[in-house]
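Below you'll find only one chain, the form predicted on its own, shown as structure tokens.
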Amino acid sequence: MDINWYPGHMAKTKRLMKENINLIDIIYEVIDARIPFSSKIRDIDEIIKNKPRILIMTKIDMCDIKETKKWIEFYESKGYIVIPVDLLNGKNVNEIIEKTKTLMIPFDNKRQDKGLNKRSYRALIVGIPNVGKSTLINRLVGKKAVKVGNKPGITKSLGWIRINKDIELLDSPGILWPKLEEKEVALNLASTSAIKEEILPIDEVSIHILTKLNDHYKSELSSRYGLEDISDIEEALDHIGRKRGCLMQGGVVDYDKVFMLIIRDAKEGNIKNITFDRFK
């Protein structure tokens, strides 16, 4: 599978990041706890190089915490500092600020040795579209700092935001990598609306979501859709269509409406406690 969905503003964002990286002291790399592998930007290290980094895992309240913990342990084994956050309730957000101060101690000491005054830290926040960066920034600031959107690429350019007296944040639009070559990754991204719905066939995306529920979350499949399994996918879609009122004239099931309903359920968090990326 080879999907080329790389809007011009994403290429521009990466160029601007590279041009401004020398101004940056620390990186906040944001990933989605439901897709902790699929949401990690593949070529990000080429941009941020050896800057100190905090891997912030958003939407922890929406994931299968048991499965996601395996990914947290994996990233920590690779040397990452991982902070899982619940953006709905603000849980662990302050830990980002505290960990930043700890990581910046060598930076402060180096400036002091050079006879330079202490200054605020400059952080760059990066992540794929719809990963919750804007909501995270609002939590860090304590008020609405930027427009929060649920559409990929709502933020179009870089912009500085003051978090507090110690931290200045360079915000960036959601970015991806130029080619989505792995079908599983592409479907996971589409299932969480990190790429636009029209990039992949909506029937494939919605059936991918149902398959994940069928394979790993039977109770969620039952409670949300009243299904025990999807061995007969047409019958399963008909059941959802009738149950949720996705009907055309004459009581015929409107499959497109069913597909969009399933995608919307995943997008808006109506399907909870699921992790699409399975740790192997």
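Values in this document were obtained by computation on a predicted structure and should not be read as measured data. Start at 1 with the first residue shown and count on from there.
Beyond what is shown, the protein has a form predicted in complex with ligand G4P; the following relates to that form.
Checked against ligand G4P in the predicted complex, the residues D86, E168, E182, D171 give one hit for a heavy atom within 4.5 Å, which is D86. Here is the short version: of M62, I35, L213, I240, the single residue with a heavy atom within 4.5 Å of ligand G4P in the predicted complex is M62. You can rule out all but one of 160-168, 86-94, 203-211, 68-76: in the predicted complex, only 86-94 has residues with a heavy atom within 4.5 Å of ligand G4P. Among heavy atoms of T58, some come within 4.5 Å of ligand G4P in the predicted complex.
Ligand G4P is not shown here, but in the predicted complex it comes within 4.5 Å of a heavy atom of I128. Although the partner is absent from this view, S134 contacts ligand G4P in the predicted complex, with a non-hydrogen atom inside 4.5 angstroms. In the predicted complex, the Cα positions of G174 and M17 lie at least 3 Å nearer to each other than in the form displayed.
Between A190 and P173, the Cα distance is greater in the predicted complex than in this structure, by no less than 3 angstroms.
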